[in-house]
Every structure is written in C-alpha cells, then in structure tokens.
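Below you will find one chain, with nothing else, as structure tokens; this is the form predicted on its own, and questions on how it binds or moves follow later.
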Amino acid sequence: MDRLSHVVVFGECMVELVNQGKDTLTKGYAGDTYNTAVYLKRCTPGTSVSFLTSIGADFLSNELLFKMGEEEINTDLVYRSETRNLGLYMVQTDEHGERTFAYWRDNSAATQTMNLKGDTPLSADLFYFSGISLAILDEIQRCKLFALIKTIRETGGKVVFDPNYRPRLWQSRKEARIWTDLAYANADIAFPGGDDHLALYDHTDVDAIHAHVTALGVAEIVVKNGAAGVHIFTKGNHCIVPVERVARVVDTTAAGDAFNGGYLAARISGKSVTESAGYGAKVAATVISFPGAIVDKGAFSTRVNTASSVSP
C-alpha cells in the first residue's frame, strides 16, 4: 500500500463503563471504529487520523472531545447534536477475559451522523467503517454513506471494511447480509471474522469466507480466525500468520479493533501484508493484556513500537 497522509474513520464512540467489583465502575470512551482509530494513530503518529461521528452537547461529549485531543485524533469531522447524547455500554469480563455487554445506544447522537454532516465535502486517502457503523444508521443515511464512499474511491481513496456483525442492531439477518455484501462490494480491504461469518452467512471455514468476499471484488482480504491465526488473501496469494500468545488474557473487548489498527498502521508505513498481520497481532496481544478497550498510552507505548520503526 502506498504511504497515506489522511485517514478518516467513521462510526460511534460511546461511554464505556467497566465493572471493577460489586459496586464499582470505571468510565472510559470506546467503540469499535474509535478503538481502531486510536490504535492506528498511536502506531503511525505521523498520519492524520480524523474520526467522523456525531456527539451531543452534554458534558460527557465534551470529555470525549478532550480524550480525542489527547490521542491526537482530528475532530474536524465531529458533528454536534443538540437533542441527543452519547451512547453508553457496560461491560463485564469473566476470569478468561471474555466479555458480556449491555448497551444504551438506540437514540445516540451518532445515529444521525450522515444527516448532521449534510453535503459537507469530505476527502480521504483511506476511509474505514464497520458493520456497526452501518447498522446504527437508518436506510436513507446508509445510502448517503455509500454515496460518500463512491466519491472517495473515484478520487483515488481506499476503503476498508470490517463486518463486525451485531445481530441486535439489525432487523433481520437478511437485512444485515444485504448491507454487508454492499459494503464488501465497495471495499478495497476487508477484515472478515470467522465468528461473524458463521453467525451471518453460516460459513464454517476460511475457504467459504474467502470465496464469498472475493466474489464481491475485495482485493485484500484479512480473515481473523481466532486462535487459528490470520489468513490473508491478495491477488491469488494466500498466507497464514499465527496470533501472538499472551501470558494472561485480561479483557478481549477491543482485540479485533486493535488488530485492525495495527495492521493498517503497518500497511500505511509500507509493510507487507505478512509483516502487517504480525504487527497487528502484537498490538492486539498488548491490548488484551489490560482491562478496557483503550489501554493507557504509556503502558501501550512501552510494549509496542510505532509501525514505521518495525524492521521489514
């Protein structure tokens, strides 16, 4: 991948409440695409990363803007709703680091992002979105999003999609399939997951996932298949990169998001797909060793070098 100067990530960032005991919660800010934006930026500090979303006019929204500033994520594409606030979710983790979520997001400001954006022009070298980004929008706004994606690709930008299937956000599996297939058909790079494709398409192996996504025209397919490793397909080539083992898994909340951010950071820095998958695995392994979706910046930087400094 050519070195890119401007990345736009579209989606929702919510208030994250993590259970730390019977009556204790800690507050943070996270969401699948926001997590990816944070880790991509941390791993490629010289890349301009903007987060396209909508927030409220409340104090929590103001705190989120401050957090985005701390992460050096551009807020030029953050829109304000005067009538809606941030979504919220609560997460519990078991002794194996696996998580259970409860969400309050149906009327969040982010569900109105494309309406609030209006006709404001937007350009990007790379545009990233997910199945959750799609699911929270109504049908009219989804069409606006794909019109934007078409313009980005026509002007030379690359589009990246992660299906990140969440059944509760869709009216039916049929509806989710239609929009997910449309997203694949408009993507240059895709991150299909084994669990997502099993739940959404009944695909039981990597070959079935590869056949489906390739038929929709995606050039670079990165299949995340849990402990079985990462399968990468590009122009008839296929390689497998193992996941990185960790001594103790604390919280798997943002594992896939962190991998995506690390992978894209390495690709932007000129690394091969194999090197990028190895780097993404290292980023993910670091993140799941700590509680919460967004790991403390200092702790993260002591374990993960920037993508550009990783030896080819």
Ligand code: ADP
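One-based numbering along the sequence shown. Remember, predicted model here, so these are calculated numbers, not experimental data.
Beyond what is shown, the protein has a form predicted together with ligand ADP; the following relates to that form.
Novice: Only one of 281, 64, 273, 30 comes within 4.5 Å of ligand ADP in the predicted bound form by heavy atoms, so just point that one out.
Specialist: Looking at 281, 64, 273, 30 one by one, just 281 meets the 4.5 Å heavy-atom criterion.
Novice: In the predicted bound form, which of the listed residues (209, 230, 124, 109) lies with a heavy atom within 4.5 Å of ligand ADP?
Specialist: Of the candidates 209, 230, 124, 109, 230 is the one lying within 4.5 Å of ligand ADP in the predicted bound form.
Novice: Although ligand ADP is absent from this view, report whether residue 256 comes within 4.5 Å of it in the predicted bound form, heavy atoms only.
Specialist: Yes - in the predicted bound form, heavy atoms of residue 256 and ligand ADP come within 4.5 Å of each other.
Novice: With a 4.5 Å heavy atom cut-off, would you call residue 244 a contact of ligand ADP in the predicted bound form?
Specialist: Within the cut-off, so yes.
Novice: Considering only heavy atoms, tell me if residue 18 and ligand ADP come within 4.5 Å of each other in the predicted bound form.
Specialist: Result no; residue 18 lies far from ligand ADP in the predicted bound form.
Novice: Looking at the partner-bound form in the predicted bound form, is residue 225 within 4.5 Å of ligand ADP by any heavy atom?
Specialist: Output for residue 225 is yes: heavy atoms within 4.5 Å of ligand ADP.
Novice: Choose one stretch from 263-271, 38-46, 246-254, 56-64: the one whose residues place a heavy atom within 4.5 angstroms of ligand ADP in the predicted bound form.
Specialist: Every other range fails; the passing one is 246-254.
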